[in-house]
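Before any questions on binding or motion, here is one chain by itself as structure tokens, the form predicted on its own.
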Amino acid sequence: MKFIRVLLLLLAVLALPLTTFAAEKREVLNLFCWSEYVPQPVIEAFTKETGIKVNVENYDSNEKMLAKLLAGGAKYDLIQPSEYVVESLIKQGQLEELNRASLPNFKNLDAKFTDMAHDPGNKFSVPWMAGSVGIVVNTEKIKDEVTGYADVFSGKYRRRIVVLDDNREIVSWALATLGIPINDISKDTLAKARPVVKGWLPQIKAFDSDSPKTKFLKGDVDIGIVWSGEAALLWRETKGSGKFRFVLPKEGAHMFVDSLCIPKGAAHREAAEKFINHILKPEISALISKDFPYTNPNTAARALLAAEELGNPASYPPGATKLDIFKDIGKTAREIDRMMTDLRSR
């Protein structure tokens, strides 16, 4: 009898670490997301509500995220790709289909940002934030009228320019100045864009996708092409004084829609869906807008924003400038990277 009691005690002790490990596994969410995009209060509120710890890893371009994900993405439970990457991952069978029953707050989304071409029916993705890419001008330093990409790279602002560190973005601007649709990418169109980009690169002082606004605030640059959310933060920082003006390029601008998706084989799928539903709550989505004032696709959250926030011209640009969304271009993306790598190494 004594032997049996000792044996049972030993089995209980041996089982304890396994139980603890299982609990820890259930209470972890591995989030792979853009830098400067997920407010800490949003994560803290989620952990407080669910007990799930969120581990965050950042990237600064869709291409870097995609490369790392496909190299061994099973360790990520939730990713934050833009629309054309969502489209590509769906084609490759790299995303888990969402359980809509787990996402009752999906109803809060603006219909303009659901059922889009890159994911009909939102089977695999839920919009996080949308935005555009446009021009920021320090009006205290630049008095000329700036209306498009050609103005930025006129030669007047050499080495005072910051641009996104994103090859496809830069090539799309060159295509726009040539009147070529931004998704019409082939060897022929890249050959036409190449001399345009070649003329631009020596004029650029900095490539920065993380926080280009910082370079404006420090006075390192006077003009640039950046994410609309960065421009919105500049507008807010200067209390809408007009010091930093946001311009949607007359040649045409790029609109992006960043979403949350669950990679194929994610270990903590239930936790991932809980997080998606969490950020769709109006009060939580409004918190995201307060820290990162992009265009909020959540109608219920926009109702909670102050008039000043809704009036931010970079967050919610006025006017009717055409906004195009990137489409998946498959292996042609490598041609863009090869061209840009070659040009930037010269």
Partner chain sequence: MQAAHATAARVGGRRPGLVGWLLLCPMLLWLAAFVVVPTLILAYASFTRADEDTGFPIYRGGLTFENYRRIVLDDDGHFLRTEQEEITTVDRDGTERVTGTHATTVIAAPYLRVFGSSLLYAGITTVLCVFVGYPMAWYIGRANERTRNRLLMLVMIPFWTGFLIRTYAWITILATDGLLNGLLQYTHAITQPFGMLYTPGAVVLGLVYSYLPFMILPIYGSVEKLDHTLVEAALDLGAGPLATFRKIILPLTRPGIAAGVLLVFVPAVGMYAISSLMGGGRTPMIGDVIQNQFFTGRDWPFGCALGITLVAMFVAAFAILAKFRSSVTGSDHAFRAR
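Note that this is a predicted model, so its numbers are computed, not measured. Positions refer to the first chain, counted from 1.
One more form of this protein exists, namely the form predicted in complex with its partner chain; it is left out here, but the text below deals with it.
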property: Heavy atom contact within 4.5 Å of its partner chain in the model of the complex, the stretch among 205-213, 258-266, 128-136, 234-242; result: 205-213
property: Site check 42, 143 and 302: each within 4.5 Å of its partner chain in the model of the complex by heavy atom; result: no
property: Partner contact for residue 36 in the model of the complex: its partner chain, 4.5 angstroms, heavy atom; result: no
property: Partner contact for residue 107 in the model of the complex: its partner chain, 4.5 angstroms, heavy atom; result: no
property: Heavy atom of residue 337 within 4.5 Å of its partner chain in the model of the complex; result: yes
property: 4.5 angstroms heavy atom contact with its partner chain in the model of the complex for residue 333; result: yes
property: Its partner chain in the model of the complex - contacting residues of 220-244, heavy atom within 4.5 Å; result: 220
